[in-house]
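Structure 1 and structure 2 below are two forms of the same protein chain, each written out on its own as structure tokens.
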Structure 1
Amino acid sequence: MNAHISFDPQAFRNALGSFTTGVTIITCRGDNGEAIGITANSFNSVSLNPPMVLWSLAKNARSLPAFSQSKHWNVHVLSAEQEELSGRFARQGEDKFSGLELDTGLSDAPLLKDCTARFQCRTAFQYEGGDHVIFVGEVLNFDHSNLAPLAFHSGKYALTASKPRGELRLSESTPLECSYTEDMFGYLLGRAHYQQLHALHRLLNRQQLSQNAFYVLSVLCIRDGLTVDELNSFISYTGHIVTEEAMQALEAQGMVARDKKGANTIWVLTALGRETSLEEIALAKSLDQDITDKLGSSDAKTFKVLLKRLISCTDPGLPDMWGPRG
């Protein structure tokens, strides 16, 4: 008889965690009609013909008797927007289905809404698998959407991004070793930034506004009633500096008006300034949607998360424009 190899359990768990998976919620009904649901990332496909899938559940799980006796269960592949739901169904001791609106399925197994994909299954086989029970189900019905899926990697939630079959190249020439290359963050972010703002610059020219003025109106649209120093605390990282003369020029255009707060002069948007800023915001949102449509919702969400991480790790200590006032 072969002896079992001894593994460090945590190291083995970490190694398994390097395999990126999706996140699912499996549901069924107990004998008393109670809705049962658990979070699982052990879901996998088995067969296309007949259509079959599998997942596994720990033998010490409280829900094991319900799933073992149930003839039907549903698999929900969670979307990136359902991280909270994943956490809810991973915890014990609460009504997991409280406040959730369910769809009507082929069986009485609960069918959750707004998922990336759903598989309604009938139990075909159950197998012993070490400290787990493996459930194999025949897929009776399924549906899917274009919602970005929620992923799980190395013990953390993650997002997925599509990788082209070939390397994306902007140029066929080979740069000198001492020169900038197209793979540098500075070049990629800079080029993407200016290409995206190309349409916005045309709007600013039509509005007879400078990029500096655009920054001022954008900030005041979010936080009205700021001094010049406060405006600069939000804008100076762009390389643009707000001066009293620049504010007076905007005042002459009817975009802003001055007010007093104690001994300080503060600047507020006029009705014209707010209307102008809203036109810019509408264009920015249109550009954002156009990029999302071209990238796909999954890649767009992943890219925004990565950009937020990049902003966080390069932040020199800028104030939070959307946070509470100090």
Structure 2
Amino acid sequence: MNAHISFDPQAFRNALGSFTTGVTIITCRGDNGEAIGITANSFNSVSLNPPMVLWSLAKNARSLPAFSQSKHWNVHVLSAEQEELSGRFARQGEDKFSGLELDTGLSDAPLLKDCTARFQCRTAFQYEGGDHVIFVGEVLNFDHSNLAPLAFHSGKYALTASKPRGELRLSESTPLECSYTEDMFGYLLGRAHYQQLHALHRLLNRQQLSQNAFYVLSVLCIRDGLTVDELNSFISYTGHIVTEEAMQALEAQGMVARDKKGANTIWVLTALGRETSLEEIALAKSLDQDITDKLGSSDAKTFKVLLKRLISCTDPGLPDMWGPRG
């Protein structure tokens, strides 16, 4: 190529970054047997038969001589849990493999654990590609887990979510203008929440407990020995308020007992209260598993991350029940 078209490099990078990819770590052994690896998102499939893949390596990468001479390399498609590893293998000058356990592969190229997929390759071709070298490899072996993959989009790590064909509508009717719509967070979150609570309500009825009592037992199961004010600080986000009378009613049911902490009355779970709460937790866990099975583990993970972001961006400053005790 003689004539170079001159683009604004940043604009060109940004446009390329709009192509969403997975993230891989590619490894090989250097001349002296040292483990080499880099983070790369230029990985792609080439051919099914024979099975071939490609990726490209910057000519200024320190690992270029090792990859150029190596007969074998392994591609690791990273899982959503391996973001830290991606960062580590994208930085120069670190002992990238420190503390990592390796699997045994077909060649001596390092084989990392706990990935979404792995491809063990033999170098088939190397091509010039401007400021990169393109490596094409023949796949000798591969494996694949159901771990959610790590994605990369517009220069940031991302998670995948499957998209149903067309728009998902809950009802057929078109909403009136100026009315609530089924696309509003309030409606969607509320409806999902109440639908999910259906089975729990049936259990609470059997246990002869109110929803209020459920919140009290749940909080005490996580942090036992709280005053009514402390209980309320953890429960207030639900809109429910715990009163002394409500605690006395739970005491009469044998679920909680009172104790003293200085001048304050604190409430502790009785054995019956703990057993009752554990029954509720078991149900909550099985509902959680049910939803995960229906959404698929990858979408379930993505959804939980988004929910946590939503909770954090709408948090008016509530105390953290799972955080250190103040």
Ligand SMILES: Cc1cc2nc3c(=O)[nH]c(=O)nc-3n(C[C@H](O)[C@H](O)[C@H](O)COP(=O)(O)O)c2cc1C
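Think of the rigid core as the biggest set of C-alphas that the two forms share within 1.5 Å after superposition. Here the structure is a predicted model, which means the values were calculated and not measured. All residue numbers here follow the sequence of structure 1, with the first residue given the number 1.
Next item on the list: Just flag whichever of structures 1 and 2 is the form predicted alone.
Entry: Form predicted alone: structure 1.
Item checked: Core superposition between structures 1 and 2, C-alpha change of residue 240 at least 2 Å -> Superposed on the core, residue 240 moves its C-alpha less than 2 Å between structures 1 and 2.
Check: Is the C-alpha displacement of residue 17 equal to or greater than 2 Å between structures 1 and 2 once the rigid core has been superposed?
Finding: Indeed, residue 17 is displaced by 2 Å or more.
Note to self: So, superposing on the core, is the move of residue 92 at the CA at least 2 angstroms between structures 1 and 2?
What the structure shows: It does, since the residue 92 C-alpha is displaced 2 Å or more between structures 1 and 2 after the core fit.
Next item on the list: Give the C-alpha shift of residue 31 between structures 1 and 2, in Å, after superposing the two forms on their rigid core.
Entry: Superposing on the rigid core gives a C-alpha shift of 2.4 Å for residue 31.
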